[in-house]
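The chain below stands alone, shown as structure tokens; this is the form predicted alone.
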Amino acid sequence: MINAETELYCIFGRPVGHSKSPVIHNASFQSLGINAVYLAFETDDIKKGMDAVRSLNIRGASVTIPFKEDVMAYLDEIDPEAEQIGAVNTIHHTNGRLTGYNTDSKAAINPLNPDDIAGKQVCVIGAGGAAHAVAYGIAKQGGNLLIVNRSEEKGRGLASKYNAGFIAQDRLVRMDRLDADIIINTTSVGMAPDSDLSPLAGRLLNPEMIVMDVVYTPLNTRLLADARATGCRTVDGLSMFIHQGAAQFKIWTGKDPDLEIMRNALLNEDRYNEDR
């Protein structure tokens, strides 16, 4: 029951209506008997969002597209790994101070075996906060990175951090072959309601590839559908989403949530099933 003692947690993003973070975190609070509630806030100004965290004593916040990089300017402290990645997706508010963390990197590579990554050519589509986290994790595991992005400036900027190759998105459209062992989409292309879109033409896929999409609404994105039709091994966004959320929960509460409770909460949620 919500009362004066209920602690508030939230997610900031634009758009944020699709987010299932409230589903997994509220289910975890309930299962562990924690008097807390998690809400979704859409904003155009992440600075005002951080001001709200301070003034309303919000205990913790998730940060999603497009604020994972911009939010760093409004924090008091940044975890060294998040600093190195250059993006924050988790904020912990303690004693009036906001500390930023990144739980995306480990969650992104969690579904992939080290043997899948080391020495392999990994194509990361995107150059935003999620792409920075994924690129960091892949480089740490010894993968060779290729960055694909619409903005050449941002794409080359990310590529330069890891001595990676770069291909502009418009050039990719004209290509007939893509030399990659793993493809990871970190953009919002294919997210509901635009679930008929894909960041990559199906003709560029081959059966030897592993194709991963961080989008989880819908679970079966156009990219993954094309990959399965081609015979690729696929990894959907649900695993990454749950693992990054579990790491956030641990930072905020000091407790490990039950991953199965998180997963079941998602699968039993009516709107989620409709998006699939």
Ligand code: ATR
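Just so you know, these numbers come straight off a predicted model, no measurement behind them. So that there is no doubt, residue numbering starts at 1 and follows the sequence shown.
Omitted here: the form predicted together with this ligand. The next part is about that form.
Which listed residue (Leu204, Ala168, Ala139, Val189) meets the criterion of a heavy atom within 4.5 Å of this ligand in the model of the complex?
-> Checked against the cut-off, the match is Val189.
Of the options Lys154, Lys106, Lys161, His92, which one has a non-hydrogen atom that comes within 4.5 Å of this ligand in the model of the complex?
-> Only one listed residue qualifies here, and that residue is Lys154.
Could you tell me which of 174-182, 112-120, 129-137, 73-81 sits within 4.5 Å of this ligand in the model of the complex, going by non-hydrogen atoms?
-> The contacting stretch is 129-137.
For 134-149: residues with a non-hydrogen atom within 4.5 angstroms of this ligand in the model of the complex?
-> If the 4.5 Å heavy-atom criterion is applied to this ligand in the model of the complex, 134-149 yields only Asn149.
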